[in-house]
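One chain comes next, on its own, written out as structure tokens in the form predicted alone.
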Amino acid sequence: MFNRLPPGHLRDMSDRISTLTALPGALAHVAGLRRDGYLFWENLRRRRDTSVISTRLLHEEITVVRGADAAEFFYETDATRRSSALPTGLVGPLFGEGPVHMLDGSAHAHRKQMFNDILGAAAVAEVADGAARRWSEEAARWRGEVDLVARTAPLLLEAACSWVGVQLPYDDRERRARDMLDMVDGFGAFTVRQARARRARRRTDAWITALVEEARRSHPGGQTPLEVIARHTDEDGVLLPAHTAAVEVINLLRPIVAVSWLVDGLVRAVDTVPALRAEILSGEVTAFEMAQEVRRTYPFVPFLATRVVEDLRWDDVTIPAGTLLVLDVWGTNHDPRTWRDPEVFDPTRFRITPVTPYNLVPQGGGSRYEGHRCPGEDVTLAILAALAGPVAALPATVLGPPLGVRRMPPQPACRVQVTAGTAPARDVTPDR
């Protein structure tokens, strides 16, 4: 069943050598990121023949690390601060102003506990079941050419809003879902995508802030996630500003809609690896294994950053205070020291190499309860696992070229040709 994804999926730019010698190094790195995308840091490691990269990116001194040990160092070192790591202008459209992601210490722990309380097992099951039910109902009517991301995002937003307690009129679901996608798509971009993300953020902030204010007036003791966040107080017992509370409500909704990208990965994996469709439907490959491997291989979060506040050392490299410590997320999830044949899509690999808090970090590393790992990771896994069977049963063929690794994140679109009837027969002979 093992099959290498097409060269265009992972290695289409892996051997390119920079010719931008006329540019200063920092600007060349910006151009290199635009050119090489997720493979930029790996290409730079190869050219420099080093495992740790110390360089400049724009006006920042940065140190880039990758791998399970590096992820543990990144998350468990006390001498770093996320609140000053990335400029609000860059991350604002994605996370909003004052989110839990940018807090440190006890303030982070206090806010994070609210999310941990909200995102329990019952919530995970409710969202996943709601997403799978809506997806199957809609998919039964799909014929011809369909953009699965555009069709999936509103369904996921519906499921998320139903759980959170946000009223979502049917006529609003597509434009609200598009705004959620735009907020993610604009992350790190300095182009029209960033401007589009800012407009989407303003509209979404205004929408949810009004709902927070209404919840405070009408439902002071309500138990929906919206109502719980609306009355949440900081460490000093002060009610969060309505806008900040709205930001945290959006931080429940937006990541669920963003699973649309990973559904794209699920569909492409089933379409690309001939044996998978039958193996999923027969149970030979489990839905959970598929969910984990899609998260490992699909290009989504490229890297994460934190600010070093006192001199550190890693792998015999000094990291001065003030440096941005960058974790290469893509490189960690494809580290050949951990993952054998990392470019092979193999959902059974986890039977040999179990997932730890640091070797698979598509949604952050460390503890989801106390650290900065996304507390909604279980929701993502549950949605993907719930959709694995329906996707395998969908009689669809992906249209267009293979997914590349240059654009970060990939284009939020997945065009497929859907035919009537049951899933088409496929050659289930392992292509080795």
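This is a predicted model, so every value here is computed, not measured. For every residue, the number given is its place in the sequence shown, counted from 1.
FYI, the form predicted together with ligand HEM isn't displayed, but the following is about it.
Of the heavy atoms in residue 251, some are within 4.5 Å of ligand HEM in the model of the complex. In the model of the complex, none of the heavy atoms of residue 149 sits within 4.5 Å of a heavy atom of ligand HEM. Under a 4.5 angstroms non-hydrogen atom cutoff, ligand HEM in the model of the complex has residue 379 among its neighbouring residues.
In the model of the complex, residue 45 stays away from ligand HEM, with no heavy atom inside 4.5 Å. Taking 294, 285, 256, 325 one by one, only a single residue has any non-hydrogen atom within 4.5 Å of ligand HEM in the model of the complex, and it is 256.
This chain appears without its partner; in the model of the complex, the one residue of 173, 134, 196, 112 with a heavy atom within 4.5 Å of ligand HEM is 112. Here the chain stands by itself, but in the model of the complex one stretch of 310-318, 135-143, 355-363, 213-221, 355-363, has heavy atoms within 4.5 Å of ligand HEM. Taking the partner from elsewhere, no residue among 39, 334 and 403 has a non-hydrogen atom within 4.5 angstroms of ligand HEM in the model of the complex. Contact annotation for 66-81: a single residue, 75, has a non-hydrogen atom within 4.5 angstroms of ligand HEM in the model of the complex.
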